[in-house]
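Have a look below at one chain only, the form predicted on its own, in structure tokens format.
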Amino acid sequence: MATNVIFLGAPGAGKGTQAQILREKYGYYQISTGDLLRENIKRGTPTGKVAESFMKRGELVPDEVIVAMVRDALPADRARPVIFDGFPRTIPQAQALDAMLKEQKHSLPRVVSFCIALREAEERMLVRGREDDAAETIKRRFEVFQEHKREIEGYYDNPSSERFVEIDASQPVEVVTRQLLRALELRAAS
């Protein structure tokens, strides 16, 4: 049976691409904090307005705002595995997610960290051409992620946990996918 999974990685690491593969081939439900933020900003929700002010400066949105968005986005079908894409990014977010999942009788997710260098992440993001992907903003988002990376990975990568795995995200998509499927113990779809 497929398990819930957390995708950690800097912007441009390919988390969205791998999430799409798991959605299409294995029926995963994806909760992308980036998509949630863009959706709330587009709709002009109060939460979206608060988030937008932080995002324009290239800063992380406060934990309580992100946690509320994720809680609202959890699927009604509790049997369907979920990809948490870009969430959690801080220890309080990780603790809030663990508490949410335990409260709803879900197993704790596997954690996959997609590792990539700034230069490669920048190249990928500039090619995709989204409005929030200006070079200066990309660099700031990458730096902010790196500042929090060690802390959040330390929360999951500890001697008492076997939930954590690192993948070199600079490799071709199909290589990353094979490593991801092995980490999640999923069989490759034919």
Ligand code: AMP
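None of these values were measured; they are calculated from a predicted model. When you see a residue number, it is the position in the sequence shown, counting from 1.
The same protein also exists as the form predicted in complex with the named molecule; that form is not shown, yet it is the one meant from here on.
Residue in contact with the named molecule in the model of the complex (any heavy atom within 4.5 Å), chosen from E136, E151, E59, E123: E59. The partner is not drawn, yet in the model of the complex one stretch among 102-110, 115-123, 71-79, 84-92 has residues with heavy atoms inside 4.5 Å of the named molecule: 84-92. Contact between L37 and the named molecule in the model of the complex is found at the 4.5 Å heavy atom cutoff. Though the partner is left out of this view, F164 does not reach within 4.5 Å of the named molecule in the model of the complex, counting heavy atoms only. T33 belongs to the set of residues with a heavy atom inside 4.5 Å of the named molecule in the model of the complex. Although the partner is absent here, Y26 lies well away from the named molecule in the model of the complex, with no heavy atom inside 4.5 Å. Candidate site formed by L22, Y156 and R182: none of these residues places a non-hydrogen atom within 4.5 angstroms of the named molecule in the model of the complex.
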